Structures are given as C-alpha cells and as structure tokens.
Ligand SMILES: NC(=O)c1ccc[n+]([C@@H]2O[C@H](COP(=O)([O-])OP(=O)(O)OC[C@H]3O[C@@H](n4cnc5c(N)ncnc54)[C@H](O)[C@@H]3O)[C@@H](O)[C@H]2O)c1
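Only one chain is given next, in structure tokens, and it is the form predicted on its own.
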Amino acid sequence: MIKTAILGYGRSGSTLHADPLEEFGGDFTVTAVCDIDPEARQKAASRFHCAIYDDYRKMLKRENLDLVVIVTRSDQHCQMTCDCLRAGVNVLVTKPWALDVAEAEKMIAAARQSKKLLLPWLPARWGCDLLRLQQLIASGIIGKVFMVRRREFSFGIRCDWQTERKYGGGYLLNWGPHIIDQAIQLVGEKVETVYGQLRQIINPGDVEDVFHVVMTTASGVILTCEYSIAIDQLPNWVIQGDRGTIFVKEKSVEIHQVNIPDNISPAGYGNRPEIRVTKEELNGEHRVTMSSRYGDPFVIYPAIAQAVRGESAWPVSVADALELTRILDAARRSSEEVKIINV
C-alpha cells in the first residue's frame, strides 16, 4: 500500500486525484489530507477517515508517507515540493509543476539530493486525441508532417487566483502544459525557436487570458498553439502533411488523404489530386467529467503506483518537464521583448 497524502483538497484535489486514489484502494491508502479550508478538511476526513492538517509541514513531521500529491496554487508548488522531497517523500505535482526554469531546477536538485521521485503531472500526454494522432502520423497516412496547429477557445471568464500574477496565474501556465506539450509530443522533436504573443482580453486581474505561440522544431516543423477568446467552432487540431491533412474537433477525426498523380502536367495549374476522406470517433476511456482528451486519471494512476514501487519509470521525465518549462519561459519572454527566442 502506498501511503498517500493530498496537499490541496479543492476542485482538482478532491476529484481528479482523490477519485482514482479511492478507486485504487488496493494500491493507495489516503493517510492524510492538508488544506487551509476547514470545510474541505472535514469533507476529506469523512470520505477517507484520514488525518487532516492545515499546515503541510506538521503533516510531514507526523505522518510516515510514501507519496504526496500536490494540488495547490501554482506559486506554492516549488517550495512545497522541495519540502516534501527533503522530508523523504515522493512527490506528484500538478501542472504547472514550476513557474519558471529557476524553480524547476531547484525542484530537480531537491529530488536528486533526497533520492526520491519527482513526478510532474502532464495528463494530456494520455489524451485520446494525442494517442490516436501519434498512431496516424506514424502510419504515414498523410505523409511527412510539416505543420501542426493545436488550439482551444472559450468565452469563459475566471475570477479566481488564476487571474493574478502573484499566484502564478495566467493561461500560458494553465493551458500551455496541456496544448503546447501535446503538439511537441506529437512530432517528437526538439523545439529550436519560439515566438509568443500574450494578451489580457476579458478576465479580471493582471495576467493573460489569451496566448498564441509559434514554435519551430529541429527539422523545420512549425507548431502553432493557442488558447483564445472565441466561440468554440474551429478544429482543435489541424495536422498538415505532404500527402494529406487531419482535422480533429473534440472527438471527431477527419483524415483527408491526397493521391498526387505520378504524371504532373506543367501546364495544369494545381494538378488537382484525388482526395479520400475517412472519419472516425475517438473512444478514449474516461470516468470523470473532464474529457479524456486531457487524459483520464483512472488510466494514469496505475502508472503512478508502478513508478512509486519502482516497477517502471514514470512516463513524464523531469528532463521533459524542464524542457517544456523552458519553452513556456521563452514564449513569455518573446511576448515581452517582441522577438523570436532561440531555445
């Protein structure tokens, strides 16, 4: 049994993490929950019959833990992670695992010194759209990919800490670990240049609620990722290859294969090729209200158990997470300085 504590029993801590921890009771036992909200603590105590704390440092001193799941404000992740690691406890930390590269490197150093596991939470790597697209690209169905567009849109307005810079708010850190990381994982290449534009449009506070990031990989593939304020009508993915295009809208996939003729007439403008369209629906597993396009915790948590037990490596390496943070830093710097950043 993996003795586990949840640090932060809010909307995500009490559902996306608590639910699979409860489901896999043969692997995990929730020993303690820490939250500053008395009502949240009481709910956790009633549900898990566990110890409750309002100060995680007290929890670390009193409890013999194997794993702490950190689901708190973004500005708290680094200090809490380092404290847990130094206390000799493995850590799973929600996205964004760090505010910037400096914090990420501090956390990696603490993990190295403690010889405990640092598990960055990037659930969208298990997204049913990404997994299917990886299969399709590997099959060569649209030829050599030269451009990937990944985007999400909403008119939803937030009024919580995610709108304030001092708490690590802003949509680049909130949505970037989902959609920017997915685009990078799809092509599987190192990003070499980043250009970003960040804007505040409708949310209160002092941070961006819109971002547009353009990246170029080592082989020249262009990745365009954006979260923007709009009615959600456009495709979430557009994958362009030299033999076709793939469109994904929610869980609907359209594959447009192009059959370029062997004999191309120099006088025939466009030389219109034959196009074959196939459609399919994504069937990713999901047990929670969050779409499995962003990963299903009930699928992911068994991998966490295997990693903590030393049975297999955690699929999200700290090196991968650090590189993503480096790219997010570059996007913000690019927007501030209005220039392309080499990474």
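Sequential numbering from 1, following the sequence displayed. Just so it is clear, the model here is predicted, and its values are computed rather than measured.
A second form of this protein, the form predicted in complex with the ligand, is not displayed here; the remarks below concern that form.
Heavy atoms within 4.5 Å of the ligand in the model of the complex are found in one stretch of 303-311, 272-280, 42-50, 27-35, which is 27-35. With the partner omitted from this view, the residue of 71, 136, 184, 253 that lies near the ligand in the model of the complex is 71 [heavy atom within 4.5 Å]. A single residue from the set 116, 178, 151, 132 has any heavy atom within 4.5 angstroms of the ligand in the model of the complex; that residue is 178.
Contact annotation for residue 5: none of its heavy atoms lies within 4.5 Å of the ligand in the model of the complex. In the model of the complex, no heavy atom of residue 20 sits within 4.5 Å of the ligand. Shown alone here, residue 76 lies within 4.5 Å of the ligand in the model of the complex, counting heavy atoms only. Taking the partner from elsewhere, residue 125 is found to have every heavy atom lying beyond 4.5 Å of the ligand in the model of the complex.
Of the residues in 146-173, those that come within 4.5 Å of the ligand in the model of the complex through at least one heavy atom are, in sequence order, 161, 162.
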